[in-house]
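Two forms of a single protein chain come next, each set out by itself as structure tokens; they are called structure 1 and structure 2.
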Structure 1
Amino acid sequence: MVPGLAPVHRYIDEHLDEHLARIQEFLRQPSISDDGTGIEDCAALLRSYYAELGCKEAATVPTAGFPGIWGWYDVGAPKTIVNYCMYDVMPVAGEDWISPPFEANVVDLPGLGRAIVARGAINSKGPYRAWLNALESIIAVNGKLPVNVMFVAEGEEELGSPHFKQVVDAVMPHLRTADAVLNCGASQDPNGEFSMFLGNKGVIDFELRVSGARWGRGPSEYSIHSSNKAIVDSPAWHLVKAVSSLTTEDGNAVAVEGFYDDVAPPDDEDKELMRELATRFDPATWASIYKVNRWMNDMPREQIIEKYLFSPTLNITGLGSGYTGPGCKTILPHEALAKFDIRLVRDMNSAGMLPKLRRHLDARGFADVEIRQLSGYEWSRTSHKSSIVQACVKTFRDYGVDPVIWPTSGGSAPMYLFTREPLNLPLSTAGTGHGGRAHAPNEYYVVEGKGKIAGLADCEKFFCDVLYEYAMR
């Protein structure tokens, strides 16, 4: 514990019921960006949180989509951090939950302890409200935070952050005065292991669409009786053939010319971190979490690590045509759609990927296949030697924990807007605690662990300590 924070820690213990209630309040407000349910109300709630914290500015930032939120807590401290928030969540329609997804009830989960079950519990409204609880506790006891904080929030992360740059650009003059980005979350896996990720992959979300009208073959206006397949071309089969041309037979390597041209190999810092990872990463834990029986090509541990971190991907996220309900409907569909994402690693550029895809399809007789980009952004990286990362590592070690440091993650977030030109800020994400089942039914955030997992009080105390550790550097 950072010296002098014992009163803040006591305050957290004494107000834990109130803090849990604030988390539940945030989670009970729906904020589904897929259809806009509750988004405006959630944005207003988040803005009120920033105002209550004492931000001299707490404002809505209009965009061409859902609003961003800006908050500026400024006490003239020597250092300033930027803090990112996504306040939107995934849909819940058609899912089977053990507790209603927007009631945010506390449930006893076997092997994990008492946890809030709710949409957004771990991704990422639960830990974010815990972070705000920690900041409020510092202010209640010490009168002010040890650093200035610029809060930048968006309500479209689950859509691929298509308008987040508009939020960042709107407050760019302020952001240029910041020193680092600190995002606090829950970093423990179900076994209690702690991890830190120093970056993320970029992403492109897009779709391929085939229609009889555009193709000039098959039904052009509506689905027709399937008996006509004897004499009429099928847009659905046309799409399947186009999609299958994009990869090797097993689907595990991309066959688009130039796809891998700009992929950067691991550098010396990456290799150093991977050597440590290889001694601590347990593939069986991930296999259990994701319910995976075998890894691609039965890869060994070291190859799993390197492929996960440094390989770009082309993935089908959705595929559909015609009737998919119960029973049968004998039709020949007039259109078909496939959705994809591409994960981009260091040195890859999102702007160049879809033109390569276009050339590939055109050269193989699929010029009619429509490509529509839905969203996309670039990769992000921070050195583990940066001051903000080292402050997080030091705080973990003060807690008797040696975190597993990943040079990047396999997932994506729009952090490039902070870590690359023009801001070039170092970024770290850290925290204690555990949650899981993001994007799935029964998403949860543990609030009272069973020994190996930190509970809510310890999560909030860690957030306080890491903030002061960075302030003292």
Structure 2
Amino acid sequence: MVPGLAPVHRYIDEHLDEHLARIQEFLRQPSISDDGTGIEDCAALLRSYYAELGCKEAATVPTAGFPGIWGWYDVGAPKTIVNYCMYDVMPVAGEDWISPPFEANVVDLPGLGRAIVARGAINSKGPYRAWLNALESIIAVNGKLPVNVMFVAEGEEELGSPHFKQVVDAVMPHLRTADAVLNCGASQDPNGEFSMFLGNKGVIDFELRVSGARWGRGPSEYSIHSSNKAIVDSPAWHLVKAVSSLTTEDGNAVAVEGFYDDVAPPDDEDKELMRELATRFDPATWASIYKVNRWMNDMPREQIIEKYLFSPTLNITGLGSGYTGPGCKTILPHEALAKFDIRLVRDMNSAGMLPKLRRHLDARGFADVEIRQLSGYEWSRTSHKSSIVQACVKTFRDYGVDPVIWPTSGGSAPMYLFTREPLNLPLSTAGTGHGGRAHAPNEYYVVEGKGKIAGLADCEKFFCDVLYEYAMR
């Protein structure tokens, strides 16, 4: 514990039922960005939270999509942190839940103890409201936070944050005065291990579409009887050939010219972190979580880590054409679709990538194949030597925990808007606690805590500590 915070910790213990109720309140307000359900109401609720904290500005930030929210807590402290929030959640249609996804009931989960079951429970409204509970506790006991906070929230993260840059740009003059970004969450895995990620990969989501109409070959308007294959070209075959041309035979290396051009090799800091990771990361545990029996190329541990962190990928997320139900339909489909994501590692820019793909396809007789970009993020990185990261690491260690530090996560997020030009802010994420089943039925956030997994009160206490740890540097 950071010295002097005992009264705050006590306050959290005494108000835990209310804190739990606030989390439930936030989760009970749907905010499904997929179809807009509850988004406006959830935005208003979040704005009210910032106002309640005593923010001098708590405003909706209009965008071309769902609104962002801006909250500015300013007590003239020497340091200012930026804090990111996504207030939207994934849809629940067609899912089977043990407790209704927007009732946010506390359920006893086997092996985990009491947990809130709700859409958004772990991703990300549950831990976010816990973080706000922690801030309220500090203000209730100490009168104010030890840092200024700029809250920047969006309601479109699950859509790929198409308008988050508009939110950031709207408050850019303020953000230029900030010192760091701190995002608190629940970072324990089911075994109670802690991870910190110093960055994200970039991502480009896109589709390749073949249509007979666009191609000028094959059926142009609808699927036709498959007997016509003898004399009519097939958009589905055309797509398969176009897709197949993009990688080596094993599907693991990209054959698009220039794809790997800008890839930065691991630097000295990366290598240091990787050496440490190699002693902590257990591929067998990971393989058992993902039900993967053999790693690509049967790689040894060190190579798995390096590949995972530093290699870009071209992944098929979906294939669709014609009929795929039971039995058969004798059709020659008039269109075909493949969906992909490209993960970008450090020094790769998203901008040049699809033009390279375009040139690749054009050169191979696939000029008709349409490329449609769906969303994209750039990569993000922060040095582990930065003050905000060191504050998080120190707090973990004060709790007797040595977090596993990853140079980057394999996933993607819009953090580059803070960590790269023009802001170049260092960013850290930290937190105790555990949740799971993000994007799936029965998403949960542990309340009770059990074994090595922190309960809600300890999570909130950790958030208080990390904030003071940073403020005191």
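Between two forms, the rigid core is defined as the largest C-alpha subset superposing within 1.5 Å. Sequence positions of structure 1, starting at 1, serve as the residue numbers. Being a predicted model, the structure only gives us computed values, none of them experimental.
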Which one here is the form predicted on its own?
1
Rigid-body analysis between structure 1 and structure 2 gives the smaller part's rotation relative to the larger, in degrees, as 9
Fit the two forms on their core, then tell me the C-alpha shift of P326 between structure 1 and structure 2 in angstrom.
5.6
